[in-house]
Each structure stands twice: as structure tokens, then as C-alpha cells.
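A lone chain, given as C-alpha cells: the form predicted alone.
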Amino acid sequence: MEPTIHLGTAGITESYRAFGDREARGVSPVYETWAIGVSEDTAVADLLATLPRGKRQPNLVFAAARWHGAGGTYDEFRTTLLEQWPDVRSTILARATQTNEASRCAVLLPFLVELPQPLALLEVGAAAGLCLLPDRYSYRYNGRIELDPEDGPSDVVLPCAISSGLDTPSRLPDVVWRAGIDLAPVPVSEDDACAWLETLVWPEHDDRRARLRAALDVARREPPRVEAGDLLDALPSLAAEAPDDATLVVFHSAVLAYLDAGARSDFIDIVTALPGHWISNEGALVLPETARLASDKVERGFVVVVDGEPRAYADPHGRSLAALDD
């Protein structure tokens, strides 16, 4: 098919070039190749320009292409988009980038266990709620420190390198209540929804895909409660349900970047007014408190912030945690 030409694709080609250079390089050769290819391909950029702005992000477009059979080369990706665009477009519009990375629990755990126990966990942008289960997983810090649930090692083992400037946790948190909020919760009992989560995992990351499957199995045995709703509307009322004798912890990973500046500011106002604590695991430019930390060093990384105080650099997929002065 010959795509209709649309104006205004410069922003698309620039953002895909940046994604390939900054996020995918050295992490996913397939996505790096695809992103650089899009940045040089007028026909594909014109197609993407027909999408709503919030649906043009590489992770979503690439996952949708793979959902419809795109192979690893750029030519295969391009052919899938050009020949199956109505179907690919429908998938992009119907779905979201709800990467539910259980391994992020490994970079949250050191900060969860330092809070007064027991805990009431409330995750915004929870997807399938896999990060609501930090006490159900096993952890291996620096390849030698082992933490397991009380009933024995978990099928989900989360390795994480932690720098010497941070305290390595010596126990798991005591979680007595847990709940989440998401615009479109992912039911762990639905095969189609779980298959989409697997597709969101980058092509070469077989270890992450295996952990996702194992974490979904854990969640199916004890499905976490994830309420459908907008986080600004649902957060206060859901937080009010947390038991009074537990420490409320509102947390999130890779969520606030999808909010516009006004909504992000409103969220900060709401969460800081709640009792308990707030743990953020986001890119450095997402929060005012961490903007000064943005640099080439953290170009691909996140910053963990506890109650407004930046505490550590974190790998986006939970593989490492480093002190701010490392």
C-alpha cells in the first residue's frame, strides 16, 4: 500500500532516533535497529503521524508490530506496518505500554524494609499488580546475599547488584494489605492480557520474559487487588481503606512520565498530603526533586525518591541500584 503523506513527522523521527541512541543501544539491538530505521523512513513516520500523540511511543508501536508477526529485521518490521497497518493501528489504540516488571521490587525493597512495619502497599499504575508482591519473591543481591519468603525460595528470583554506598536489605517486608490502581488493570487470569505483557518485554530479554511468566504464576495463586480508575481520582479513597495499624506506602515505577505536567503536579499534591510514605521510581526528569540529577550517567536510568528525597540510581528493569555519589 502507498501511505498517505502527512506533515509534521519531524518530531517523530527525532524521538525515534533518540530512543534508538539513548534507550535501546546496548540493550536491544532489534529495537535500536527499528528505531533508527523509523527515523530515516518517511513512509513509516507518515503512518505513525496518524496516531494520537500519546500512542506514538516506540515501545508501544514496536510491541504492536511484534504482536502482528514482525520479525527481527527492520524490513520485516516495515513490511508488517505497511501491509497490516489497520490491524496494527487497532492494537496500538486498544492497548498500552503496561510493562509490569517484577524485578523492580529488587530496587524498591531496601527502602520498603527501612519503614515501620507492617506495611500497606498501594501502587499507582499497577497493571497486573506484580510489584505489589515483594514479599512473595526471592532476591539475590550481588550474587551472594540471599533473601527468601518464610515458606521457602520463590519461583521468582530477582538478581540485583547493589553498590557499597547503600544498605543491603536483610529481610523481606511484612505486608498486611496491598492494592493498586490502573486505568486498565491486567487480569492475571486472562491469557490474552498476559500474552500482551510478554510482548512488551524487549525481544532479546529472555530472562525478563521467564521471570514475568513466573511472577504471573505467583499472582494467579493470590491475585493482587487492582482497581480500575484514574490515579488522581481513585488514590485518596483507596488509601483511606488501608488499615490504621499499618504504614501506608504509595509507590510507582515508570508511571508519571505518561502524565502531563498538570496531572503530575496534582498527583504530587495528593500523595504528599496522605499519611504514610511515598516511593517514586522514575526517570530523572520526571520529578522536580531529581531534575538536577539528569545527566549522561542516568540517561537510561531511574532515580528512587523516598518522601521527596532522592536516594539512589536504579536500573529501569531492576538489575542494579547505586548510591547517588557513586
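We number the residues from 1 along the sequence you see. These numbers were taken from a predicted model, which means no experiment stands behind them.
Same protein, other form: the form predicted together with a small molecule, not shown, and the subject of what follows.
Using a 4.5 angstroms threshold between heavy atoms, Ala94 stays clear of the small molecule in the predicted bound form. The small molecule in the predicted bound form is not approached by Pro110, whose heavy atoms all lie more than 4.5 angstroms from it. In the predicted bound form, the small molecule sits within 4.5 Å of a heavy atom belonging to Asp230. The small molecule is not drawn, but in the predicted bound form it has a heavy atom within 4.5 Å of Val255. In short, of 133-141, 150-158, 100-108, 239-247 it is 100-108 that has heavy atoms within 4.5 Å of the small molecule in the predicted bound form. Comment: the small molecule is not present in this chain, but in the predicted bound form one of Leu183, Val175, Leu166, Leu82 has a heavy atom within 4.5 Å of it, namely Leu183. For the options Ile268, Leu293, Leu287, Leu259, the one in contact with the small molecule in the predicted bound form, meaning a heavy atom within 4.5 Å, is Leu259.
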